[in-house]
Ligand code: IPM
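The form predicted on its own is given below as one chain in structure tokens.
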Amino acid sequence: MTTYNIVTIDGDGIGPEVCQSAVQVLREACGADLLRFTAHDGGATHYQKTGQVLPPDTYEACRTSHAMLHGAAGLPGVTYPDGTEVGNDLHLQLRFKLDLFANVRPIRLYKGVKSPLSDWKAGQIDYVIVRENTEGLYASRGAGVVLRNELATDSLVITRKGVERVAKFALDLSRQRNGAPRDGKKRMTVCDKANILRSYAFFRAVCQEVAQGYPDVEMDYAYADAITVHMLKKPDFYDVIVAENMFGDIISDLGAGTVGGLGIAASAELGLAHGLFQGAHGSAPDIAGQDLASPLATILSGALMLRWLGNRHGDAALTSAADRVEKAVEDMLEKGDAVPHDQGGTARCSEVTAAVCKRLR
């Protein structure tokens, strides 16, 4: 039996609480021998102590691990001289150094969670947003121009290679899924502003070229402004949405808002050889250390990690464990065993963790 080496980076704020909750759940799901967790430093708090947000030993451990599990990063006021946040630089450095080109954000309405969209029920909202993760507008981070304190510019970067591989990733993902809840069709929606900017017209054209090799996946197109309406009015239409970095970042949080918020929103950043998994929420320093945070986003990100590892290594034990973690979370929410604060309940982080583990047992 293979033992998988997982690097954990607790990070800042509520990061240590939710990360260790996820570790506890994953150990319950997988037993004592399948996963080996090793803790490493990183984030804004570590930067304040040492001047390093991603220490060399942490990066080397991440580079040689099977996967990375991260709590959260960032603290108010902890910024670089240019005003950008230090905490975000942890996963941004890992993203670019390890070429984690696909950001995967499942948007799924679980049983027991009430959507702010009226009359939508579990199973009716179930799609995935795939965001190109290394190019787009965010490729300019640290490289933008500020001239005489009068002019600031950042460049949007889109390459053929970048679009081809993220489009292929999204199309392959659609093939693996059951299609859109509305009609069961496997569908890739390209989110862009091809009507305004040449860069996005290029993004769309390359997606169209790649899609020619996937006749079983229907193609759909939506402008970034219009899709914010469609995601509210007809969320059951979507299967997989692919987008440039910034647009994908924005619509991912909108999607999360329709299925219970960022406290239940899982996230994966994937490359050809590496995967980083963390909840989509921030570090919430105002409630840090009070046992008030919801660990569900990080726990569900851990389930994404198990499924990715299982598929990558052909290990059915991992994919089965991923299914059981997701079912345990959904059953716990549906039965009301321990409803966290962000879902309208009163359960503490430790209580939610214990309830998920009990369901697994």
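Nothing here was measured: the structure is a model prediction, and the numbers come from that model. Numbering starts at 1 and runs along the sequence shown.
Omitted from view is the form predicted in complex with 3-isopropylmalic acid, to which the following refers.
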With the cut-off set at 4.5 Å between non-hydrogen atoms, does D249 touch 3-isopropylmalic acid in the model of the complex?
yes
My question is simply whether N88 lines the interface with 3-isopropylmalic acid in the model of the complex - judged by any non-hydrogen atom within 4.5 Å.
yes
May I ask you to check whether Y138 falls inside a 4.5 Å heavy atom distance of 3-isopropylmalic acid in the model of the complex?
yes
Answer with yes or no whether A194 is in contact with 3-isopropylmalic acid in the model of the complex, where contact means some heavy atom within 4.5 Å.
no
Quick one: K168, K186 and C207 and 3-isopropylmalic acid in the model of the complex, is every residue within 4.5 Å by at least one heavy atom?
no
From the candidate stretches 91-99, 211-219, 115-123, 178-186, select the single one in contact with 3-isopropylmalic acid in the model of the complex, where contact means a heavy atom within 4.5 Å.
91-99
Looking in the model of the complex, the residues of 179-214 with a heavy atom no more than 4.5 Å from 3-isopropylmalic acid, listed in order, are none
